[in-house]
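The chain below stands alone, shown as structure tokens; this is the form predicted alone.
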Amino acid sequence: MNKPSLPQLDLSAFHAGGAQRVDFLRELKTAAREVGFFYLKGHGVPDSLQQQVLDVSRQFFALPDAAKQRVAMVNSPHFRGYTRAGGELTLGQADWREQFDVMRETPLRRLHYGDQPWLRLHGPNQWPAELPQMRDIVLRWQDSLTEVTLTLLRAFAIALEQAEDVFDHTVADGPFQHLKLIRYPGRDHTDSEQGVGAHKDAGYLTLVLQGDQPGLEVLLGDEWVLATPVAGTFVVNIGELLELASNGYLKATLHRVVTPPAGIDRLSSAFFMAAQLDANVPLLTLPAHLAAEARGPASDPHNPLFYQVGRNVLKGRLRSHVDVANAHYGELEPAL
């Protein structure tokens, strides 16, 4: 039997139109329904910017611990900044990676009586004074990946035989952007194989830039399949919001990252795009032949999904970053 692998799609075929677009949409629908993951080439993001992101990530993680702690996430009620290895949880277990989280740069929201607590997610990012170039590189990177995901979202609408703009009202004020720069230390720094525990992503779409070192694994059937880095591509996966919107026709797939071998670390950048925080996930009316194949969204009683996007995002942040939850949301957490 052939070993399962991830399909590879070329986004330039979508832009080309005609028969190439038709073929791309067919491949996209098949990959998203049967696998939930695929490699994406032809995305138009310059190689030079990808390298800049990996370089500035390496520079940031090489800073002294004191410098990284000055931009620690626990300082930010908006869940922005640095988290040391073991500081984030997946299903209650520590992930062995250090990371730097960035979201859209927005003004601080002053909450009033009766406002929803997820409004606190709006706000500024933290940036290390030691790397003045980092802000420009990372925000350009985030904006470039946003454009790719918005194009893919429109492609999914067409593939599901919807109006091309069916998702537009959920991103009209700018989609929710969440970017991570990540370093996975080698096995000699931990006894755990859990770089990141098995999980599904909560948004519409995720794009992952991998460095040279593998580690991302995808659950296909009952087998964990390694997403070996492929030069010039992003790894794309379907998030739970698209699974919800399509009533399970599209598939959000479990995945994890295993700790690198001793003496080796792994760099990556993950970008998560969701609907804007004040949106509700639309439940699409699929044509009969597609609706008959919709499996319904997966349900986890320990991790319920909400159609209100801000509530769903904040729930995930509170579960993953207990220190930030305790520092800034202790009085609100029971209300979620």
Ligand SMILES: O=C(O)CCC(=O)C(=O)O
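One-based numbering along the sequence shown. Remember, predicted model here, so these are calculated numbers, not experimental data.
Omitted here: the form predicted in complex with the ligand. The next part is about that form.
Placing the ligand by C-alpha superposition of the site, using its position in the model of the complex, leaves the pocket open: no ligand atom lies within 2.4 Å of backbone or C-beta atoms here. With the partner omitted here, the residue from Val218, Ile182, Val171, Ala155 that has a non-hydrogen atom within 4.5 angstroms of the ligand in the model of the complex is Ile182.
This chain is displayed alone, yet in the model of the complex one of Lys251, His255, His78, Arg104 has a heavy atom within 4.5 Å of the ligand; that residue is His255. Although the partner is absent here, His199 sits close enough that one of its heavy atoms falls within 4.5 Å of the ligand in the model of the complex. Mapping the unseen interface onto this chain, Arg266 counts among the residues with a heavy atom inside 4.5 Å of the ligand in the model of the complex. Contact annotation for Val208: at least one heavy atom lies within 4.5 Å of the ligand in the model of the complex. Contact between Leu277 and the ligand in the model of the complex is not found at the 4.5 Å heavy atom cutoff. Stretch 199-207 is the answer when you ask which of 185-193, 163-171, 144-152, 199-207 has residues with heavy atoms within 4.5 Å of the ligand in the model of the complex.
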